[in-house]
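Just one chain follows, in the form predicted on its own, and it is written as structure tokens.
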């Protein structure tokens, strides 16, 4: 099946799911349909599958989770919309697509908002993380329940033209970014040209020259086979964006109060489980990158140059998050 046929099949399946609903009754079970753009074996996918198994065990088989991985139901934006209308029970998405819906989470989208991955983990595990998940759940029109944060490492630039060692190296390069305008502005501030593009189109976009590269973490670079079309991976680490597992409020509201509490508890457990899987996956991806002929990986020697370059982004988007940024910075 080629990419076009796969996307059409996914769209057809999504239409069928909309008719059936995100929580379909099958025999004596309620089947909760979940989606992820990543394949089986990817940390976020496996953590949600594990969560589903625990929910089934805790409810004596009342619920059964059915995972649709590998973009079977479309991009993150598409699956998020399906969750909002109740066609899917849950999905794992980046903060990027959620930011335009629930503005408060956009603070995590700011470049270099976290000092390190350890800092980011302390933030999402603590009061700030819980507070922002509640903001998602309490939003009057989002129709989402925030279940868990998931690690997605740091995002760095990869392209097929040259290594990136300083902002000037990005000049003239078209770099795919997620659709959130904040991301596009970030790449523009760094010196490149940010091009919004859905994830299913990125491989062909680079291969055909629509864009020169993209930016993402190491596991995504490898698992989507972008390593074969963009040989230069540069650790710019400009974004460190935790991801979110969200549930349909329609499906959540159909559960009993005890089941709702169980789902929230299992969500936090999945948050911790995914982290262990994530660290292992990063190590495996790095090994693949080192062993793949022609791939060049480089560190950025002066990160401060990139941090200074994104000041216009902070000036444009950061002002309304001043208090939250101060709280994030205060987390030790």
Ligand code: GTR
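Positions refer to the first chain, counted from 1. Because the structure is predicted, anything quoted here is derived from the model rather than measured.
We do not show the form predicted together with beta-D-galactopyranuronic acid, though everything after this point is about it.
Q: Is every one of 169, 186 and 238 within 4.5 Å of beta-D-galactopyranuronic acid in the predicted bound form, counting heavy atoms?
A: No residue of the spot touches beta-D-galactopyranuronic acid in the predicted bound form.
Q: Just one of 104 to 112, 140 to 148, 212 to 220, 255 to 263 has heavy atoms within 4.5 Å of beta-D-galactopyranuronic acid in the predicted bound form; which?
A: Every other range fails; the passing one is 212 to 220.
Q: Just to confirm, with a 4.5 Å cut-off on non-hydrogen atoms, which of 159, 248, 94, 79 contacts beta-D-galactopyranuronic acid in the predicted bound form?
A: Among 159, 248, 94, 79, a heavy atom within 4.5 Å of beta-D-galactopyranuronic acid in the predicted bound form occurs only for 94.
Q: By the heavy atom within 4.5 Å rule, which residue out of 120, 178, 89, 133 makes contact with beta-D-galactopyranuronic acid in the predicted bound form?
A: Spelling it out, the residue with a heavy atom inside the cut-off is 178.
Q: Should residue 32 be classed as touching beta-D-galactopyranuronic acid in the predicted bound form when contacts are defined as heavy atoms within 4.5 Å?
A: Looking in the predicted bound form, residue contacts with beta-D-galactopyranuronic acid do not include residue 32, since no heavy atom lies within 4.5 Å.
Q: Going by a heavy atom distance of 4.5 Å, is residue 275 a contact of beta-D-galactopyranuronic acid in the predicted bound form?
A: No, no contact at 4.5 Å.
Q: Indicate whether residue 38 is a 4.5 Å heavy atom neighbour of beta-D-galactopyranuronic acid in the predicted bound form.
A: Taking the distances in the predicted bound form, the answer for residue 38 is yes, it comes within 4.5 Å of beta-D-galactopyranuronic acid.
Q: Within a 4.5 Å heavy atom cut-off, is residue 199 in contact with beta-D-galactopyranuronic acid in the predicted bound form?
A: Answer yes; at least one heavy atom of residue 199 falls within 4.5 Å of beta-D-galactopyranuronic acid in the predicted bound form.
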